[in-house]
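Shown here is one chain on its own, the form predicted alone, set out as structure tokens.
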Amino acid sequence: MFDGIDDKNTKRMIECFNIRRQSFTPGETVCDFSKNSDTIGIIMSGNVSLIRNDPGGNRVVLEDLSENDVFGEMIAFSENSDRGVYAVCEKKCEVAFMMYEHIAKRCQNACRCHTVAVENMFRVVTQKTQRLSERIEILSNRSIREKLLCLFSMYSMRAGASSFELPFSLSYLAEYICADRSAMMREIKKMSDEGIIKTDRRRIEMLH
């Protein structure tokens, strides 16, 4: 959000935007967008999941978010509350909250740093769109194995190594790829037995 803005102007904008910071523990609801559709959150530390409850009451993971990630911006831009979507703390986190109007409406001074912040927000939305495309790519695979291999390959590429650590639990992983947890765990064991991957809790190593 404040990339390219010096410390002095960043501090000034934090006051101007009336940004508030709040800490959360695992399992706590960070933001309910049915009530706070005009809120944008910036993760200062920890991990947050963006969740939707489908009409059948099932929990669907939309995104896994970590430090420096932004959430709520696409809902705020749509100017429409999104019922059933909420952010949940996965790992103890601190989040900075701001209102959408501070981004959408320029200040009276029309300062350059506000323009930079708006440009940064558009870049965030572009990156979010890319992530959603990756999610679609994962879910477009039919079998659990294909979904896992697609996701593992993406994380391996991001890490620049064959070994990487998942930023979330295996239960969360099952929700993220829309699979039954027991079936997913069986598939992971098969892949390990076949020498395709090596696992140590959240640590995954691609052997082929």
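For every residue, the number given is its place in the sequence shown, counted from 1. Worth saying up front: this structure is predicted, and the values here are computed from it rather than measured.
If you look for the form predicted in complex with the DNA, you will not find it shown, but the lines that follow are about it.
Is Arg21 close to the DNA in the predicted complex, meaning a heavy atom pair under 4.5 Å apart or at it? Arg21: no contact with the DNA in the predicted complex.
Taking the DNA as it sits in the predicted complex, is Arg52 near enough to touch it, meaning that at least one heavy atom pair lies within 4.5 angstroms? Arg52: no contact with the DNA in the predicted complex.
Using the partner position in the predicted complex, report whether Arg201 sits within 4.5 Å of the DNA, counting heavy atoms only. Contact with the DNA, yes.
Contact label in the predicted complex: Ser171 to the DNA, heavy atom within 4.5 Å: The answer is yes: Ser171 has a heavy atom within 4.5 Å of the DNA.
From the candidate stretches 62-70, 176-184, 38-46, 155-163, select the single one in contact with the DNA in the predicted complex, where contact means a heavy atom within 4.5 Å. Stretch with heavy atoms near the partner: 176-184.
Which residues in 14-53 have a heavy atom within 4.5 Å of the DNA in the predicted complex? Residues within 4.5 Å: none.
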